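The chain below stands alone and is given in C-alpha cells; this is the form predicted on its own.
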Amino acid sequence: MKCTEFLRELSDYLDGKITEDLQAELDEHLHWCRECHVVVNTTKKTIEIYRDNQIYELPTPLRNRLHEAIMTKCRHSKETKKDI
C-alpha cells in the first residue's frame, strides 16, 4: 500500500468504518511507515482537542511569530494586488 492510498482511507480508518481486511492492510502500512503514523497521531490529537473544546494557548513567542508571519503575508498580498 502506498501513502496516498492510506491517506485516502484515513477518515474511514479513524472512524472505524472499514472492513477487517482493509484495517489489517492499513495497520500493516502504519507499522513500517513513520510519516503516515505521524499523520494518524496528529489527526487523532487534533480531533481530541476539538472534541474536548479545550482552548490551547500558544506560548507568547510562538504566537508573536505566527502573528508576524500572517501580517507579512497580508502585506505582501496587498502589495501584489496594487501592482496588478
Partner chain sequence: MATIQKRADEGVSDELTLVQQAKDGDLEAFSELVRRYDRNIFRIAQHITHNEEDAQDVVQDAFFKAYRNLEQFQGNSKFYTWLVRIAVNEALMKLRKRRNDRTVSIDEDVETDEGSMPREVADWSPNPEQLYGTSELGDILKKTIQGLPPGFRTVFVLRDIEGLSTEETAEMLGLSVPAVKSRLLRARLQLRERLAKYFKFKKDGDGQR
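Only a predicted model underlies this, so the values are computations on that prediction, with no experimental measurement involved. Numbering follows the first chain given and starts at 1. Between two forms, the rigid core is defined as the largest C-alpha subset superposing within 1.5 Å.
Note that the form predicted together with the partner chain isn't included here; everything after this is about it.
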Notebook entry, point to check: With the cut-off set at 4.5 Å between non-hydrogen atoms, does M71 touch the partner chain in the predicted complex?
Noted result: yes
Check: Is the gap between D15 and the partner chain in the predicted complex 4.5 Å or less for some heavy atom pair?
Finding: yes
Notebook entry, point to check: Can M1 be called a contact residue for the partner chain in the predicted complex at 4.5 Å between heavy atoms?
Noted result: no
Next item on the list: Would you please decide whether K45 lies within 4.5 angstroms of the partner chain in the predicted complex, comparing each non-hydrogen atom pair?
Entry: yes
Check: Does the C-alpha of T72 move 2 Å or more between this form and the one not shown once the rigid core is lined up?
Finding: yes
Notebook entry, point to check: Any CA movement of 2 Å or more for L62 between this form and the one not shown, core superposed?
Noted result: yes
